[in-house]
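Consider the single chain below, provided in structure tokens and representing the form predicted alone.
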Amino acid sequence: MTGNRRAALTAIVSNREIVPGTFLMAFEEPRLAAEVRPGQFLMLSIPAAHDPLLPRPFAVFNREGPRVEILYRRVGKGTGRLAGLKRGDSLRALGPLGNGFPLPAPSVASLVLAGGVGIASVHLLLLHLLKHQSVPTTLLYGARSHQEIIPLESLEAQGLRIHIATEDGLRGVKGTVAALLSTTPALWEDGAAASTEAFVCGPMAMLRAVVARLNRPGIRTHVSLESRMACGYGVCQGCAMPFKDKENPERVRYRKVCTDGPVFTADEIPWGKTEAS
């Protein structure tokens, strides 16, 4: 599934900084809200803006009724412009695009791992799992600073098991998500790892480290890749990356993150040949 290539011009409902440098933007677009699946993304642009000229990809963080929410971190000129938008300002949204996370059977244990703003790509998935799974869902969530951790108390109140790691050590375990995975033995108690779906999003270095630790029998791992792209539907070729050839895994062939992904199974990716993002 590659999503719906329809653009909508909408007005921003809210755009607020929820932790230092990270913003939650909301707008109302009933079609997008009805069609989007966990793990899909939108291409967002500001009408009549020429710098930056091209749209940028953003995961859908949440949907509620006709409302769509986008979580983003202000890191450059494009996100700086987004951070300056106010209620009533116009925004163009194209999508939903890409595939989404495969949704596990209700009885399958789910382990979700997110690094930094990668939490934006798995939040909608977490809401689905908490609503439909008959077994507990666990989230391992990490960030560089305790100040960058997005509040998730509402998910915890719904039964989500949350383990946190911060590199400054001022909240949760000191270290990375990969280190947290190695030091949380309760995740594998009672045979939980015998049938587990793992869902991961974060920087490429984190993905490599986490996938290596999840490489054990009974765990099927899905990763959401972050990539630069200018169109979102396969024309610009800017998000092409090497993947294992299905007929000959020792060889690689290029696929597009936007249309073939952004979600892939971990065993499709030649981790030694991917570039850090």
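Since the model is a prediction, treat every value here as computed from it, not as a measurement. When you see a residue number, it is the position in the sequence shown, counting from 1.
Just so it is clear, the following notes concern the form predicted together with a small molecule, a form of the same protein that is not shown.
**Student:** Which of Val68, Val36, Met229, Val210 has a heavy atom within 4.5 Å of the small molecule in the predicted bound form?
**Tutor:** Partner contact (heavy atom, 4.5 Å) among the options: Met229.
**Student:** Among Gly88, Pro106, Gly76, Gly159, which has any heavy atom within 4.5 Å of the small molecule in the predicted bound form?
**Tutor:** Contact residue from the list: Gly76.
**Student:** Report whether all of Phe58, Ala120 and Pro262 sit within 4.5 Å of the small molecule in the predicted bound form, measuring from non-hydrogen atoms.
**Tutor:** Yes, all three are in contact.
**Student:** Mark Phe27 yes when one of its heavy atoms lies within 4.5 Å of a heavy atom of the small molecule in the predicted bound form, and no otherwise.
**Tutor:** Phe27: no contact with the small molecule in the predicted bound form.
**Student:** Where does the small molecule sit in the predicted bound form: which of 173-181, 159-167, 145-153, 120-128, heavy atoms within 4.5 Å?
**Tutor:** Answer to the contact question: 120-128.
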